[in-house]
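Just one chain follows, in the form predicted on its own, and it is written as structure tokens.
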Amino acid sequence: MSRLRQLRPRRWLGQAAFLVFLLSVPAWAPNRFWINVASQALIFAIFAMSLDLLIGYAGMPSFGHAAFYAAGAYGGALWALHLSSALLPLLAVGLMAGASLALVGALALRARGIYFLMLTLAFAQVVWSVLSNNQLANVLGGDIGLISVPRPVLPFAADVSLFRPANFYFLTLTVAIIVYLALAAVVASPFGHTLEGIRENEGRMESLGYPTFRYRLAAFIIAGALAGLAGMLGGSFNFSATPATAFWTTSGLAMIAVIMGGSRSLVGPAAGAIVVVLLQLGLSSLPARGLAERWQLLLGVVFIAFVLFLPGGLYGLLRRRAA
């Protein structure tokens, strides 16, 4: 117990230092390009933290999480293009789009283990095929997707343009902090402890009277809603919503971020997402001929190295160092 009390202040200090680092990015970033990279990393961090609720706490590895991200991107894009670009309604649309699609995909919860994984993968591919269907191009844009999506407009501060990279970065940072605090409250609550019990031994939790399916469904919907929120921000950042966001590789990158950062920590997946974005950028811009086109292969090698030598991820390494 005394060791835990010693570790908690160190953990809080580490998280505070990480927050100060994120707040200072626009001050020392060399140009607008790197501020945009930081915004992209924060959006992916929100996506990875939502997936960590399923993988790390509920024990439900999903390859269909990209479908909820795409739902938020398309929902926000359609709302901004045809109705309003006000920020608060767009955030709500992203959440509701992800949650509603998660409710549809909850049929996969009837399965367990590898069967659940494959059902979520199939669900995401169905969503991808619908979005890329050219017969729906007049609504969803077909292969091209929805383009020229406007950036949100801040309430009571319409003169603050989110087209400026620094302003959009602070918006994504604010949303990321809110998502982290909300997820931290969820996993520390009795609901979160019940999810961990279901992950460890679902049969025993059922024998104790817990409606395990309802708990897993609630976690699935919460994770889907937050993934939709990340998708809405991603669509605003890229000025577009494309079918590629629903492809299974998007879920795979998020899963890599969770494992590299360390599941069951929230901070770990966020840090892992930042590492994955930076690796993707660095490996895809290598000067060596032929290597830039094979950045996925190089990222796979880095991922294998993490699994072999850092099975607990970056956060697990820091915890061992602190201990």
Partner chain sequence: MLAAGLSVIFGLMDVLNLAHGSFYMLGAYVGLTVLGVSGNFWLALIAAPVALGVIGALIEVVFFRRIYREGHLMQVLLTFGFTLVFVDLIRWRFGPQTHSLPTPPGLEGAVHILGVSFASYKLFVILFASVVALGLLLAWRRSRVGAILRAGVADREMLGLLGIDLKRVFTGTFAFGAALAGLAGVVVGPYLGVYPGMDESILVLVLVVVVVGGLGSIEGAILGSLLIGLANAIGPLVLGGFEAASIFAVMAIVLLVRPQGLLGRRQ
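Residue numbers count along the first chain shown, from 1. C-alpha atoms forming the largest set that superposes within 1.5 Å between two forms make up the rigid core. No experiment lies behind these values; they were computed from the predicted model shown.
We do not show the form predicted in complex with the partner chain, though everything after this point is about it.
Chemist: Is there a heavy atom of Ala157 no more than 4.5 Å from a heavy atom of the partner chain in the predicted complex?
Modeler: Contact with the partner chain, no.
Chemist: With a cut-off of 4.5 Å between heavy atoms, is Ala244 one of the residues that contacts the partner chain in the predicted complex?
Modeler: No, Ala244 is distant from the partner.
Chemist: Applying a 4.5 Å heavy atom distance criterion, does Ser189 contact the partner chain in the predicted complex?
Modeler: Ser189: no, not in contact with the partner chain in the predicted complex.
Chemist: Would Pro26 sit within 4.5 Å of the partner chain in the predicted complex, counting heavy atoms only?
Modeler: Result no; Pro26 lies far from the partner chain in the predicted complex.
Chemist: In terms of non-hydrogen atoms within 4.5 angstroms, which of the given stretches 131-139, 81-89, 204-212, 169-177 touches the partner chain in the predicted complex?
Modeler: It is 131-139 that comes within 4.5 Å of the partner.
Chemist: Would you kindly say which of Ile256, Ile274, Val267, Ala58 lies with a heavy atom within 4.5 Å of the partner chain in the predicted complex?
Modeler: Checked against the cut-off, the match is Ile256.
Chemist: Taking the partner chain in the predicted complex as the reference, which of Ser100, Gln125, Ser240, Thr194 has a non-hydrogen atom within 4.5 Å?
Modeler: The residue in contact is Gln125.
Chemist: With the distance limit set at 4.5 angstroms and only heavy atoms considered, check whether Phe33, Asn36 and Leu314 all reach the partner chain in the predicted complex.
Modeler: The answer is no: none of the three residues contacts the partner (heavy atom, 4.5 Å cut-off).
Chemist: Superpose on the rigid core, then tell me if the C-alpha of Val25 is displaced by 2 angstroms or more between this form and the one not shown.
Modeler: No, Val25 moves less than 2 Å.
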